[in-house]
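Structure 1 and structure 2 below are the same protein chain in two forms, each given by itself as structure tokens.
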Structure 1
Amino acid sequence: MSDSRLHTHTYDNGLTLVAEAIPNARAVAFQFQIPAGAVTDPQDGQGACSLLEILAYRGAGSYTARELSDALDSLGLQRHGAADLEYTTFGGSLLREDLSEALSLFADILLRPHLPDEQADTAKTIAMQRIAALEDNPSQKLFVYLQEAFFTSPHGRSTLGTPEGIGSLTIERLREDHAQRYRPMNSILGVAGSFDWEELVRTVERLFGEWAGEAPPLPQPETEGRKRYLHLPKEDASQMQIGVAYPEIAPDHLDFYNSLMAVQVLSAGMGSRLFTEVREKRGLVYSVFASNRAVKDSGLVLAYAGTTPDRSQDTLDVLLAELKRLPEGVTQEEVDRARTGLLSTLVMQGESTGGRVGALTRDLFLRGRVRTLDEIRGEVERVTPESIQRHLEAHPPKEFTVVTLGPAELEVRE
């Protein structure tokens, strides 16, 4: 990935188009990122972004819901997208020759949805069912509650919304909300794969040039006064779900690559520390991992383990011990493996249009610009065991927020 494959264009209305050419690709992936996420849902209407995403496809422009769905299908579009914490995404992947036509359908979906009266109740039923279905997905439920325990700002909200919020939203309020938040300023359109850049810039200008306005700003993430331990009892679960979160620096921080590489040492390949200590040596789990996560202007590390109840205290103890042991130092070999793994992942991600489009839009959102592979390689190569240790001494993993789900309440021994 050299600079010449990367293109960006910001339109007068604030929409940014970012695209990466992938030579020989037969497909193209695109993703709209709209500034309507759970963090900017109305306080008494949590779930609005989720409802708007459901309703967007139920008739738009000159199309009925059925016609719209058939038109997307006839393009062979593999649709992706969902309401998320800080934004809602729309898009998908398809063969390169159909890109313009797909973008034109999405101009209707995003700018001219019908939001009809008669669909409001159905959309609410669907949103409520998604909340109910969370009960049958214990690991997903764990992460919803871990996020809620960790953030004291609206970043702790579930992207699914709340039953009360969804219940109280009327179609009139949703229309007002759409008018407020589905706006071009700070919206992103990412494209990756095979395309003609000049033509793409013109097509997007034609379809989205008249769009105007700015959504309300994102709140600042806060973790001050967060919960330290939360247990969600579920007596009949076979496994305990264990989640741990602690604060880290944001992705645009100068030291970010030291933080990233430290977590890679902890949990990248199967030779990394958590996999070795928790699974390979002790056989405590099938699944264990840690990873860097970020919201705009803030970072955190999430760790997870799933294990049967009578081994769960041991598992939590070993997991936390490994996190706390990090600032004692990492070896050169560990750093070398982490670097090789990270760079290999990035090169292989470059082979996938869907993988690249997600990375492009996320980079632009979190950092305000897109990094090239050469830049990331340079940054990663500067990381040494010493630089990681300096970072970890300043930002040691501590003051964990722990959430457990299952039959056994555990003791958090820090």
Structure 2
Amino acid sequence: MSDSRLHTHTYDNGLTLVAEAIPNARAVAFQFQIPAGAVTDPQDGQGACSLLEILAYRGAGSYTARELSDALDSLGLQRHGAADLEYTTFGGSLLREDLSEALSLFADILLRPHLPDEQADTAKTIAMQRIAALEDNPSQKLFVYLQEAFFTSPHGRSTLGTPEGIGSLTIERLREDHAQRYRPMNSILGVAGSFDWEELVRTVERLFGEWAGEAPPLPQPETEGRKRYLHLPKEDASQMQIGVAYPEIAPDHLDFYNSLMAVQVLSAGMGSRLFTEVREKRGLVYSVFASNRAVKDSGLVLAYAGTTPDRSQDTLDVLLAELKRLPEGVTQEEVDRARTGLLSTLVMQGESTGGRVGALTRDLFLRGRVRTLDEIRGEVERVTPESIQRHLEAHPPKEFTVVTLGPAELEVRE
């Protein structure tokens, strides 16, 4: 890496430390990315990653649950993290002088959690409540089922797990699962903000150097044989939720920013195509957007529209028509607007320790290397209407998976 603010170090046990100094920052953010996500949950124990993330804070090392909570609070730690599809994250933001002590606490949380018997039922209740809450959030429920319909590999699983999976998990099984998946090989620790690099390398070696082992490998994402249309009936709903997914290139593809900018043309701001064509001109929806999503070695685009039942078929027709129209070409004005939006996001991310640390770990995981902000800016600025069109001609939006939720079953007219 040419940027003197970026540093990486891989330890003998396979843990990779990646850090970026942010000038004038007094705070620092850190994030552990552990290869224990929904895709490697036991087939009959889906939800294990979620339960382990909850239980990890219920006492660890020499700390009881209350003592651990107090120790974290005493550092002023703004905690973040969650079980995700391919990994689980743990971390937070705090003042730089407290980083070493925070890392010591997280060494206990990750390596020496108590996983106490008496907390298992409480953790299960929390996990079940998260699943039940989907019924009160129809758009979130839609995307859970859209992901399941799109992938035929375990990437279609919900990070929340299933009621059956969570119900089947005993504390003994969770302890065995932790021993198998909470391993340093392919784990990442990201740090962004203010720190002393040499001291940080030594601290992590001292705290995590004896950690050993390798987690089970990630499955490859697969979509062959996926569903093309799924309707989730909800007869009493006054709204229709429409979700669309289609394949795109992976984040490490050389053409990735052409893909990203094309979706920005569709969905970045009030001048974007979906907002203009679906909402403003026709008044079909109260919400519409599209976004790129990625898993390791694969990508996809998700689109969403929220509307009323009587307008739902027209909404789906127009939404698909706009997606299919994209390869006909984009204008310089659209590209300039999309570029401005992306660069604004990039600048704001670069000024946020929390935002930047998440980008560091995702970059290393998805692309195998970390890019500087200047490198990303250069890739964004190189995109032209012609390069987007070349990409879309080679990778046109097609083979849509559509999921609808509400009272009306729709027809997918491709």
Partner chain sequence: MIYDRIELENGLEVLGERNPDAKSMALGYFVRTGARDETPEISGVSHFLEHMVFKGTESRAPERVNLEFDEIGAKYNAFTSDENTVYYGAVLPEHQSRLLGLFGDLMRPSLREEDFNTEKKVILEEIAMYEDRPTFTLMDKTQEWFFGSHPLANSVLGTPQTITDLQRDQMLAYFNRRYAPNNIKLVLAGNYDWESAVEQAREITRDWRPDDTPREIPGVQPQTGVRVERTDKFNRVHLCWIAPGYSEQDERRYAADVASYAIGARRGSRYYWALTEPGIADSAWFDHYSKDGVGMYTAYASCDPAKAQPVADLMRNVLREAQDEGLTEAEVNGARRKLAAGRTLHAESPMGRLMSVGMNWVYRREVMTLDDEIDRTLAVTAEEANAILRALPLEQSALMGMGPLEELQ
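Whichever C-alpha set is largest while still superposing within 1.5 Å between the two forms counts as the rigid core. Since the structure is predicted, the reported quantities are computational estimates derived from the model, not experimental observations. Counting starts at 1 and follows the sequence of structure 1.
- Annotation: structure 2 represents the form predicted on its own, while structure 1 represents the other form.
- Relative to the superposed core, residue 66 shifts its CA atom by less than 2 Å between structure 1 and structure 2.
- Once both forms are overlaid on the rigid core, the distance between the two CA positions of residue 369 between structure 1 and structure 2 is under 2 angstroms.
- Core-aligned CA deviation for residue 351 between structure 1 and structure 2: less than 2 Å.
- Taking the core as the reference frame, the CA atom of residue 238 shifts 3.1 angstrom between structure 1 and structure 2.
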